[in-house]
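Below, in structure tokens: the form predicted on its own, a single chain.
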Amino acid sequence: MNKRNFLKSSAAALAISALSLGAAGGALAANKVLKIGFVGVTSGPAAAWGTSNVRSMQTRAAWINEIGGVKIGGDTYDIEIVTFDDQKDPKRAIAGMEKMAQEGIHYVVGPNVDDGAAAVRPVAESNGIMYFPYAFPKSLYQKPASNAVLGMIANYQSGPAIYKFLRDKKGVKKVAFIAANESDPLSQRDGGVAAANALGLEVVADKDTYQNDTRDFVPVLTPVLRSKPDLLVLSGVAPGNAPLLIRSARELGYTGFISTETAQDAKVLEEGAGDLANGFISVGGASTPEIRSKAMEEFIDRYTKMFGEYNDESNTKVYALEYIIETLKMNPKGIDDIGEFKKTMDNFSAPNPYMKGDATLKYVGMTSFGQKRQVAVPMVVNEYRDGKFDTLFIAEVD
């Protein structure tokens, strides 16, 4: 072989070798994909609840993927979020969970309300799906149920804490409850009434209801406020209805406290009620400036850049995806077998990236459910004032 042909052959061989190495390198660099589902409400009066879920998941997934994915066992995964708007309709929630099953998804965040969470239970249990609802019926988390994990603080955990605080610190003695005529808020109302009675408070109204599409709340609130409560509880109120109820109560001359155990949106309150919403008490996201870590600050910054705004409730909604991923990291067999995931839950512990100090992620719920079927997040109770939430107090559940 002459020198010219030798050089040509060598160059071709090197080119082929380089292509082969590049292909191999690309194959090594290609991450697997871990799909995590969301089934919940992202439209209508309660849209803020599900929207904060989706945006939190998408923000965190983008962050993880940007830094190269997450290593679970011997594999590295990119996170893909698959979403379904159930429109707060149990039938659509079932269809959404069935879609997740068809796509082979084993971990789903949501639904956001009691009816939806109860409706999807058979689908989840028959298709090997763990789901993280923001719904409060204890039957979802008590044996024999085992596939649902409560993603937030329940009303029967936060309600007594709020009422006790107002009784001890603000002199509240009389309480009135009002709720939408739906199973979710009615259940929360009944739980609130029981908690108020247990604390020795006088319940002066607990039968008044409204339809969720109500826009004039004056006729509904007038008889309630005649009972002259120190505290008006808006049981299970949707973010879209809260400012309308608050505005009507204040315009009727009510000057007492107003509270709810559901998470709210400061922007919606500001737009719908303005200064009339000042003093409104609600359960906030699981973070405050005093306790949040640099990672939490970065999450808020990334979320705001992605969506142009931030919802305080996402301080809680950031946690579900984190719990799923960290539990799978502890036991990678859970990727395809939720039985392995369940076995890991009782002794699971991992550093909490969103809080300062040595806080940990862990599953709780023994007191409320008799088994660990709740994510541990701080109970932050907020007071709305001048367009933002101020921390009233912080507690925790076991």
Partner chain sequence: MEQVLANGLYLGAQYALIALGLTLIFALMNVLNFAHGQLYVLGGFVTYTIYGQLEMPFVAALFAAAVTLALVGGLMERFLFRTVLKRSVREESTMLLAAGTAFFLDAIILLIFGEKQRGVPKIVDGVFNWDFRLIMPYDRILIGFLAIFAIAAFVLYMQYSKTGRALRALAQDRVAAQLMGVNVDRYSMIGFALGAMLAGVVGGLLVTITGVNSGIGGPISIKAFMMVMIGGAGVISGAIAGGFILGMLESVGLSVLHSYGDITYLMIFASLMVFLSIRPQGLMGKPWG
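What you are looking at is a predicted structure, and each value in this text was computed from that prediction instead of being measured. Positions refer to the first chain, counted from 1.
Below, we turn to the form predicted in complex with its partner chain, even though it does not appear here.
With a 4.5 Å cutoff on heavy atoms, T42 counts as touching its partner chain in the model of the complex.
At a distance threshold of 4.5 angstroms between non-hydrogen atoms, R302 is out of contact with its partner chain in the model of the complex. Among residues of the shown chain, N311 is one whose heavy atoms approach its partner chain to within 4.5 Å in the model of the complex. Although the partner is absent here, T209 is a contact residue: one of its heavy atoms lies within 4.5 angstroms of its partner chain in the model of the complex. In plain terms, the part of the chain that comes close to its partner chain in the model of the complex, with a heavy atom within 4.5 Å, is 222-230 out of 222-230, 291-299, 148-156, 192-200.
Of the residues A47, I36, A61, V54, just one reaches its partner chain in the model of the complex with a heavy atom at 4.5 Å or closer; this is A47. The three marked residues, D216, R247 and V268, each reach its partner chain in the model of the complex, with a heavy atom inside 4.5 Å.
Counting a residue when any of its non-hydrogen atoms is within 4.5 Å of its partner chain in the model of the complex, the one hit in 171-189 is N181.
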